[in-house]
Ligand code: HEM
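The chain below stands alone, shown as structure tokens; this is the form predicted on its own.
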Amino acid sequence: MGGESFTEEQEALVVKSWNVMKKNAGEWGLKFFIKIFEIAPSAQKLFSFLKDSNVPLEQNPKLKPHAKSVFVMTCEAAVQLRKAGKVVIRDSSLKKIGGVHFKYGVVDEHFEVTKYALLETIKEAAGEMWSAEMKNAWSVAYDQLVAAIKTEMKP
């Protein structure tokens, strides 16, 4: 497994914050995606269901379910990282996710923007619990998830 190892303390922080967010994963997922598009409006072009949409992002019928599934998958992969010793994604394989990201032309900057938006969303959700350690724990988990996706990013 590349990158720094994910400690028990980091796992506990990720689990603690995920427990707070998971009840409202749809709302937090939507906030997460809206933050991505605020930072990188051009990222909207990567989503077929946003290209021809004339409703505000919050009202797009396809964005919320998509945002929720990505958010839940990301958080659950982070939660399981230490137990599994690697990135585990249920319901869809890394190959499929890597292939989709490759096909739509996702680049390193998109992953950076997404990381920033994810950390900002968790910061907002975690409130008083947020700390430098929690931020670091999520950063490590996210970086490992992205590394796993990138290894599968090929046609």
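None of these values were measured; they are calculated from a predicted model. From 1 onward, residues are counted along the sequence shown. For the two forms, the rigid core is made up of the largest set of C-alpha atoms that agree within 1.5 Å on superposition.
The discussion below concerns the form predicted in complex with the ligand, not included here.
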property	result
Which of 53 to 61, 94 to 102, 119 to 127, 22 to 30 lines the interface with the ligand in the predicted complex (heavy atom within 4.5 Å)	94 to 102
L46, F111 and L145 each touching the ligand in the predicted complex (heavy atom, 4.5 Å)	yes
V106, heavy atom within 4.5 angstroms of the ligand in the predicted complex	yes
Exercise: I34 in contact with the ligand in the predicted complex, heavy atom 4.5 Å	no
In the predicted complex, H66 touching the ligand (heavy atom, 4.5 Å)	yes
Distance check, V88 to the ligand in the predicted complex, heavy atom within 4.5 Å	no
Post core alignment: L119 C-alpha displaced by 2 Å or more between this form and the one not shown	no
Exceeds or equals 2 Å, Cα of A43 between this form and the one not shown, core fit	no
Did G98 shift 2 Å or more between this form and the one not shown, C-alpha, core superposed	no
